[in-house]
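In the structure tokens that follow, the same protein chain appears in two forms, which are kept apart as structure 1 and structure 2.
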Structure 1
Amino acid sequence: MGSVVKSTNKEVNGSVAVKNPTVVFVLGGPGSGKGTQCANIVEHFGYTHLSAGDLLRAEIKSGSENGTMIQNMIKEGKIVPSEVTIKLLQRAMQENGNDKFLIDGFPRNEENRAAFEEVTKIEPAFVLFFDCPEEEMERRLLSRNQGREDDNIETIRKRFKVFLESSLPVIEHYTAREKVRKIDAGRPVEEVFESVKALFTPKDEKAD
């Protein structure tokens, strides 16, 4: 299976920016419905969904040298070092032929955000922010039952705290740049998706 040498220069410096992909950051508290709504967006609008949390959990499962560190951070609701997460996201984008990505659950703090921009030179087209009351997020996480090690009340409380302290400043950063599209995510899945759909549908295709 010989490797094909391509004449294009799309991966000079290992950067994906040369391909100039469209990136939408999908942010919101733990259990706000990021993964659920991303699945709907993929189905309707042809994006590729990259959940930073899913990539980190896959890294633990793969037995990588960072696995134990990542597992401990997730159990404590802490944010994994940027270079680890960014490498996983970059690799996932490079391995994928698509040019439209939903990056779900990243950047989680200002350092994540600045490092991603510095390394990839990618600016998000916009930021989808799922705004959901904490009581509702807690209810959802406690009844999810998918065996996630961080879905216990002790870790959930830590995740909420980290979200407020570290992740909300990222939303504020993009709000100041008019990039945030805020959605009331406390409603039923279908209603939330109606609002999401409106953001992804080109204006000239919308019925008025």
Structure 2
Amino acid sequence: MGSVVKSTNKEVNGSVAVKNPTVVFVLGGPGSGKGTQCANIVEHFGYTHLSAGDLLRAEIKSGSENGTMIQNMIKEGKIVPSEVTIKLLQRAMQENGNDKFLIDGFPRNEENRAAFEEVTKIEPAFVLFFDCPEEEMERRLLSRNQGREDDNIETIRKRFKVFLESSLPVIEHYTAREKVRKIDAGRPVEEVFESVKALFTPKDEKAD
């Protein structure tokens, strides 16, 4: 049933097989440009991009027992238990073999965060928070997804509200630990990436 881990990476007590992986949580509202910036980080800094949503969708598509359970929960409007999402993230990390991961769109709430640290024994190196004005995210989503039913103005605003209510406690938790790196994501893509690059470039490589 469990994932097969290569013998070189022994699994210990269900924790991630890669020794001390570097994990960066990536948070931001819908339309904040997270996906674009994650692709840039992968290309420039060799991270592996893991999206909690993509992993859940792939599991559903696989037709596994777990996938059917996830699909039924989503259909009923229930939130998929943290442990389910965390197991998928762990498996993806183990199978990938890289030691640097961007985890996108997770933790969605404080319960996710606590469970992730409890299960994996990993604390993120930092949290990359794309802070974008609501009007700008709205404008981007409406222009990007013309004709998509789920992107009408009411739905978009609902998604913003859910993001703020559930994710702000996570951001506050890590702010208290001085782990949040807030990026002004309302600017053009290239400018945003310049700010992102500064966070990922090792200090000794930065020009004085």
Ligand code: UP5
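Numbering runs along the sequence of structure 1, starting at 1. Here, rigid core means the biggest group of C-alpha atoms that superpose within 1.5 Å across both forms. Since this is a predicted model, take the numbers as computed values, not measurements.
Two forms of the same chain are shown on their own. Structure 1 is the form predicted in complex with the ligand.
With the core superposed, Ile60 shows a C-alpha displacement of at least 2 Å between the two structures. Taking 2 Å as the criterion, Met69 counts as shifted between the two structures: its C-alpha moves by at least this amount when the rigid core is aligned.
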